[in-house]
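A lone chain, given as structure tokens: the form predicted alone.
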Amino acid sequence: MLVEYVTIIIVPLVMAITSIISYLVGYRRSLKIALMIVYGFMLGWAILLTSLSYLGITLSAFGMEFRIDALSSIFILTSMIVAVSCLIYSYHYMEYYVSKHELNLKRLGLYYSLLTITFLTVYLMAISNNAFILWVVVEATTLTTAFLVGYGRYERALEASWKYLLLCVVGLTTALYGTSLIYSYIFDITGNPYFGILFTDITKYVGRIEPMTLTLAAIMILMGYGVKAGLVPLHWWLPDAHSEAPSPVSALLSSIIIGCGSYAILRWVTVLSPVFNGVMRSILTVIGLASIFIGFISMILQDDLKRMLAYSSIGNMGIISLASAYFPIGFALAVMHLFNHSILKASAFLLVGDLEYKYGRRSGLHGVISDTPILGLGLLAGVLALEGTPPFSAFYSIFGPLTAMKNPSMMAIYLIGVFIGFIAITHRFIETAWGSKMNLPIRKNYPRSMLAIPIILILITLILGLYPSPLLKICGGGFAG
């Protein structure tokens, strides 16, 4: 089938070639045009795949090694929306960034090469039905983005890059061991070396695995991929990496890259759902609540806006973990929140990047609305949308899990955590937006695209908040696929 052929072969090949060309030709106008064409094609293809999922069509190829269901397609669409946004935003921002850190402008081709190869690994992760390939490409996203985190080459950036690389590589080894444990057990009970590799096959035999062994494997998988997702208690790399990376890279990290960890967890939840027990639900709940409270409470102590947004990501990954414990309704809402958070957090980091570009700093600011009304209002709209204020689509994915909990005590604890996050982040961003005008030197030549991109991302969630049924339907198919 042509669609499957293009999805599995042509799209990855185009992305790989684009990455190589970006590195070889260096930064020039022709490269920017070529990247726009390729990324536009990727976004268009993602929309097509999501449309097929909306119609209930699942694609597969190469003996089911690759498979695209609702969960895959919604994450691919999310990734490509963020990819195009970060690409367009990077054109002006990265020129400012290399000038600020006295880097070679011509070597920006390396940046776009790494950016493209990162989205290639994310794409391969989403289409993979092989548990071991999934692990390999999640690990690969760490290797590529570690170079992007340290792109500025100053001490704090290099330190953050090293911490990110070390913790994620070591942590993900735990997920590999848990995956291998499930594989070996299925091989022992079936005698077939292939039944424990593909997710669609693992689902059929997971119920025959000895409960203690399965629980141990599940814990290791959840903790391993939890490192990548930035879940407590393995979140220590996240604030440094997000705050020291260039703003488009921070947007990528806090939306798609930690989303890879949550995606892997959600994929395994669909596999383990037939034997979902109290222990596994308790683990997801405890990790989720711990991440919500530690992430959101930590925001109170932050003055650096990027560091505050980084801790917000920890809390929001906790919401996804907690919601996924309440299968299947909560799981569908967890998938929805993965989409909402990725789009809105990318927007928030890009808006903070606008502050850096205009004022040369991202802390101790106030009165932004007085200087640039659209930027100030965008900051306020972005954080309100991120915290689940109606009519934005995050309202459904943040407060929707309450309908699945049914436990008044759990509902109350959850709402307290969400309320802490709302107060912490809105207070800081209102301080930044309102107040008297600052007497600071500002850049007068302000690129409109840098402001338009994050505003468009916010508008996407506004439209989906007003007309949520398509997104709810696709996310609801995430556990049926």
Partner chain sequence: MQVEGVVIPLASCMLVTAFFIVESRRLRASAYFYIAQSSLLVGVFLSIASLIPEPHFYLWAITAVITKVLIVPWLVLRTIAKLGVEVEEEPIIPTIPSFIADFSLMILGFWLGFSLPLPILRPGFRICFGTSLILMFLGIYGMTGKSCAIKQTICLCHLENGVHLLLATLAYATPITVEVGILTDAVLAIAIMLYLSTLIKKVSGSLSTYRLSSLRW
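Positions refer to the first chain, counted from 1. Predicted model, so just to flag it, every value in this text is computed and none were measured.
Another form, the form predicted together with its partner chain, is not on view; read the next lines as being about it.
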Can you say which of 263 to 271, 212 to 220, 386 to 394, 327 to 335 gets within 4.5 Å of its partner chain in the predicted complex, counting heavy atoms only? 212 to 220
Can all three of 39, 339 and 356 be found with a heavy atom no more than 4.5 Å from its partner chain in the predicted complex? no
Please determine whether residue 193 contacts its partner chain in the predicted complex, using a 4.5 Å cut-off between heavy atoms. yes
Considering only heavy atoms, tell me if residue 279 and its partner chain come within 4.5 Å of each other in the predicted complex. no
Using a 4.5 Å heavy atom cut-off, state whether residue 169 contacts its partner chain in the predicted complex. yes
How about residue 104 - does it come within 4.5 Å of its partner chain in the predicted complex, if we only consider non-hydrogen atoms? no
Find the only residue in 369, 143, 380, 289 having a heavy atom within 4.5 Å of its partner chain in the predicted complex. 143
From 405, 120, 81, 197: within 4.5 Å of its partner chain in the predicted complex by heavy atoms is 197
